[in-house]
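Take a look at this single chain in structure tokens; it is the form predicted on its own.
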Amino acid sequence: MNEIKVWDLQTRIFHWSLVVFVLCTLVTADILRFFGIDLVNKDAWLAFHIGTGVAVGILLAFRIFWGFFGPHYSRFSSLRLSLKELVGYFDAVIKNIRTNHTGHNPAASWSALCIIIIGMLAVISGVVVFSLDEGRGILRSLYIGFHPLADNLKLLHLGLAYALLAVIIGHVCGVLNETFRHKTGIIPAMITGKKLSDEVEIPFSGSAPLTMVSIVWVLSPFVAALYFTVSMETKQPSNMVIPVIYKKECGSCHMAFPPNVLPMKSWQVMMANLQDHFGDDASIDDSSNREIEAFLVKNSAEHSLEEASLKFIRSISKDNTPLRITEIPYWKEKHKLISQATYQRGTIKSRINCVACHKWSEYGSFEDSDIRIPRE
């Protein structure tokens, strides 16, 4: 046997970069939560999750390109996708018979193909979920018409993530089997690019432009991940004009809550009984009452396309008319990990001081990327 070059530099960079970014994406998606293990706050890591997900998409797109234009062992034509070969390979594994494949063995061929296909579907579904659930991303125009489908798409995205994880685990098990039982040196080969083989080395005669483009492409995910992670900031919503009378009458004692945090019926009930406003008399003249109620009803949660409003409404049962935002099931779920001591900090003071942590809450925006919990 001779030591020959099997894996080119671009393929090796792709492989280890994919390992890093897929791991980061799966961890920040907090898929372990579904097994009762709370590892991370996935909302706090949303920007990083989006960034690493984009990086995975760029890497998989590169691998598809490289599967047609790269060196021999990186091309799809070199994959051993015969079912007969796959059955024979697993039979050899069960019988502990060492096999010798210079490039991908049959199991690795199928796992590589599945990782590319399932991974791309997971990335695409993630882009759609981001648009339908957050109203952002390249498909954000779908938000208005299709946002009710967000939960179903989330399940699909999650299912694809689990499928991808299953394939990766199977691939790792195969690598460990080959490494420790048969000493084939698969892992070092993906670092050095060289393996022992009876085959003749096949040189890659790629052009200089192809080499340059492929190197830049396979390294670009690091830049993309950083860009999307640090740039995912929202801006002050500009479609809501807050009446001066509302700020004066309702903002003098507490934060003037944005109308899209409660249903229309809640505001109507509240405005009809201001003489007993949570134990205080907040009565105002009829003209001001009508103007404020009209503003609240017009911009209530049912009439808002903000992500928080949609989720507030979905979590409220039809026979329930909450008068406090803290009574809404979705609010309780999102704030359950925040301690009472946090609310008592001097810069917060109360659970209903939304603007202390949510930058644009006065205008009805509660984006994850805008959350800043004061330390004092």
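Rigid core (definition): largest C-alpha set, two forms, superposition within 1.5 Å. In case it trips you up, residue 1 is the first one in the sequence shown, and so on. Since the structure is predicted, the reported quantities are computational estimates derived from the model, not experimental observations.
One more form of this protein exists, namely the form predicted in complex with heme C (HEC); it is left out here, but the text below deals with it.
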* Asked: Quick one: does Leu323 come within 4.5 Å of heme C (HEC) in the predicted bound form, counting heavy atoms only?
  -> yes
**Asked** Just to confirm, Glu362 within 4.5 Å of heme C (HEC) in the predicted bound form by heavy atoms?
**Response** no
* Does the 4.5 Å heavy atom contact test between Ile64 and heme C (HEC) in the predicted bound form come out positive? -> no
ask   = Might His104 be said to contact heme C (HEC) in the predicted bound form, defining contact as any heavy atom within 4.5 Å?
value = no
Within 4.5 Å of heme C (HEC) in the predicted bound form by heavy atoms, the stretch out of 220-228, 300-308, 188-196, 86-94 is 300-308
As a check of understanding, the residue in Leu164, Val123, Leu132, Cys250 with any heavy atom within 4.5 Å of heme C (HEC) in the predicted bound form should be identified as Cys250
Interface check vs heme C (HEC) in the predicted bound form: of Leu296, Ile168, Val128, Leu160, the one with a heavy atom inside 4.5 Å is Leu296
Restricting to 353-376, the residues within 4.5 Å of heme C (HEC) in the predicted bound form through any heavy atom are Asn353, Cys354, Cys357, His358, Phe366, Asp368, Ile371, Ile373
### Task
Examine Ser17 after superposing the rigid core and state whether its CA is displaced by 2 Å or more between the shown form and the other one.
no
When the two forms are laid on each other by their rigid core, does Phe312 show a Cα shift of 2 Å or more between the shown form and the other one? yes
- Establish whether a shift of 2 Å or more occurs at the C-alpha of Ala61 between the shown form and the other one, with the two forms superposed on the rigid core. no
Quick read on Leu156 and Ser369 CA atoms in the predicted bound form, 3 Å or more from the shown distance, and they're closer
What changes in the predicted bound form is the Cα distance between Ser369 and Lys154, by 3 Å or more; the two atoms are closer
